[in-house]
Ligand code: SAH
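Just one chain is shown here, as structure tokens, and it is the form predicted alone.
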Amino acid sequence: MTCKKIILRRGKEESLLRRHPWVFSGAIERGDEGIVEGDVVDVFTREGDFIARGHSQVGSIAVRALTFEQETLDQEWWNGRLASAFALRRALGLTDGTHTDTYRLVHGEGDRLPGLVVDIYGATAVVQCHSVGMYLSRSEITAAIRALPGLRVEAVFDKSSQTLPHKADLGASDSCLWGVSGGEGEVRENGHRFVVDWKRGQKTGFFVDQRENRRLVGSYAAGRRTLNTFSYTGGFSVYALGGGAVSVDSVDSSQRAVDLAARNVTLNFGPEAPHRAMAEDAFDFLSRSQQDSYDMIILDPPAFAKHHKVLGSAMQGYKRLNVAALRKIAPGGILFTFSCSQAVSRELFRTTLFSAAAIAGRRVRILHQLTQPADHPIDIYHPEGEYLKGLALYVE
């Protein structure tokens, strides 16, 4: 396999030698003429030693390494990478479909496929490409998914139009790559039923990364008045009701999201379930809520900090949100609070919660330190893959 070459500045190969899969633009001394975004390129040291092969891209990350070997990235290679990812999910007990038929099959760098996400929703695999290189490899990805023995999918749906670089003019549209998909379907997660809209919903349609944290919420829900903010399609709400919550309020700024949350609650518990779905800003809702009206509150906001440049203002947002919840929750209440911002470290998030508790004047104890589930693995050489962090707090 002949690829165009990129030469690094002297001494800039250290992270790649430690198998970190990103090459930053500032580390590059020069490259061959004619390299365009999405090309497969070889990365060499200034002394001429091969280090990695990967997809070129425009931006601060100039190359996403796919392999550290001089191997051909043919269909057999793609089949092997996908088979490795599927073997892990099978070992986790996620692939038999008995109680759960939705999970993440490919988690970017965690599965040595940077720039690619594949989520399984029953009989549909939803592909989301975050790089031009992955988008241009969709036919190989689709063939590799179809070749997986034991994966029972009938359609592969591409949901990449919103995640590709804005300047990449590829004419991307969300549509089927193989099979027939209506854009939504019903799935099961730990025995609960959900309607997932992978065509119009956020991310790939459902926040599969909160599966185990939703289960934990359910275990604390019995007898509690529960508020689920940034509720999206009601995942935490369904688990809370399933765990015996006496009432659940789902709050999200999107009317379409709360309508689907109400639909998911009805799907599991019928129209008489003690549930209210309200389209409202979470900050505004908390500010007007009565004191002690909730015994359990879930805060699962979108990423406030998508990059380090806005980290300071993002942390102020997390602090303000958690202060509001801590002031309103009833004594003996449980607060589940999360950050999905990759730029926010676990330590920084915990420090922010410390400040919020001090400002609210509440005595708080940590019950659980939360993260993403095992089907969102973190490559040990790529610590940035640990993006989801959370705390379950007991508030006196």
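Sequential numbering from 1, following the sequence displayed. Here the structure is a predicted model, which means the values were calculated and not measured.
Keep in mind that the form predicted in complex with the ligand is not shown, yet the notes after this line are about it.
Proximity of Ser175 to the ligand in the predicted bound form falls outside the 4.5 Å heavy atom cutoff.
Contact annotation for Gly122: none of its heavy atoms lies within 4.5 Å of the ligand in the predicted bound form. In the predicted bound form, Tyr232 approaches the ligand with a heavy atom inside 4.5 Å.
Residue contact check for Arg214: one or more of its heavy atoms lie within 4.5 Å of the ligand in the predicted bound form. Checking 107 to 115, 203 to 211, 259 to 267, 129 to 137 against the ligand in the predicted bound form, the stretch whose residues place heavy atoms within 4.5 Å of it is 203 to 211. Note on contacts: among Val156, Met315, Leu148, Ala282, the single residue with a heavy atom within 4.5 Å of the ligand in the predicted bound form is Ala282. Residue-level contacts in the predicted bound form: of Ser161, Ser254, Ser287, Ser84, one residue has a heavy atom within 4.5 Å of the ligand, and it is Ser254.
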